[in-house]
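A single chain, nothing else alongside it, follows as structure tokens in the form predicted on its own.
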């Protein structure tokens, strides 16, 4: 079977209006703007209001992407949603989006790959379109991590925000082409980033609630070391697979996890930070949505020029990692 080339024909993103600043957090937990900024690069993050779910965020981003692509919901034959914060354990959050946008001809499912949710979902969508299984694929990444954030834990509560991003894929039409994708995982790191309770292994109980096990637990030091090395290695391997060099890369759009991680990876790659798109100061870590939001912002701000080589790279709980190379 001959595989088709695949294009990104539209994108969109959405973040809630409510802002939680570092000064707000100073009133909630023993921290300071200086402490947060120095260690993470984050100045503020967007958080959902009560009653707003992940599917609401995803729907907003999806509609913007469809408008950008000039594709109607009825034309979609596939919806993939990367999320670590589904509306419910089942049905899939993609099915809620399917209902909200009336994508009556599309199949729909979720992918759970934590902060790699967008890269994983984009890669699966890329494979399905390239094989001919799909002609109009909507790829979404959305998370509402603040719903699972422990605001008594100063080590984690400063990190997370909410948001969503989306793209539409079609068989290549001389547009912005996906050149390469690679995914990976290491299950030995499952305990580095985890939501311990609430599913089949540890169902909700008075004990799990009392012990605050329905909130994100993070071993930040180990994650930091992993992310710096993995980001650099993924970028180097991806450009090599495309018969390119780092000099050919116009922009790297990484998962927005921590500014110090991005700076350390840039040093390891021996490139300027000007080549790395950063918006973590505005949104914090929005998990699966982070790379998708950054991609849409890079596109809308004019950072992507025709012919540019763009690398998306992410790493997250699982442990999971992935990379996409795009010729704009």
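Please read these numbers as outputs of a predicted model, since none were measured by experiment. Numbering follows the first chain given and starts at 1.
Omitted here: the form predicted in complex with a small molecule. The next part is about that form.
*Asks:* Classify residue 198 as contacting or not contacting the small molecule in the predicted complex by the rule of any non-hydrogen atom within 4.5 angstroms, answering yes or no.
*Replies:* Close contact is absent here: in the predicted complex, residue 198 is far from the small molecule, nothing within 4.5 Å, heavy atoms only.
*Asks:* So in the predicted complex, does residue 39 come within 4.5 Å of the small molecule, heavy atom to heavy atom?
*Replies:* It does: once the small molecule is placed as it appears in the predicted complex, residue 39 has a heavy atom within 4.5 Å of it.
*Asks:* Please check if residue 229 has a heavy atom lying within 4.5 Å of any heavy atom of the small molecule in the predicted complex.
*Replies:* No - in the predicted complex, heavy atoms of residue 229 and the small molecule never come within 4.5 Å of each other.
*Asks:* Residue 172 near the small molecule in the predicted complex, any heavy atom under 4.5 Å?
*Replies:* No, residue 172 stays farther than 4.5 Å from the small molecule in the predicted complex.
*Asks:* Pick from 251, 108, 235, 223: which has a non-hydrogen atom within 4.5 Å of the small molecule in the predicted complex?
*Replies:* Partner contact (heavy atom, 4.5 Å) among the options: 223.
*Asks:* Of 147, 100, 135, 154, which one comes within 4.5 Å of the small molecule in the predicted complex, counting heavy atoms only?
*Replies:* By the 4.5 Å criterion, the partner-contacting residue is 154.
*Asks:* Given the small molecule in the predicted complex, answer whether the residues 31, 35 and 258 all have a heavy atom inside 4.5 Å of it.
*Replies:* Checked in the predicted complex: all three residues contact the small molecule.
*Asks:* Go through 291 to 299, 271 to 279, 58 to 66, 23 to 31 and give me the stretch that gets within 4.5 Å of the small molecule in the predicted complex, heavy atoms only.
*Replies:* Contact criterion met by 23 to 31 only.
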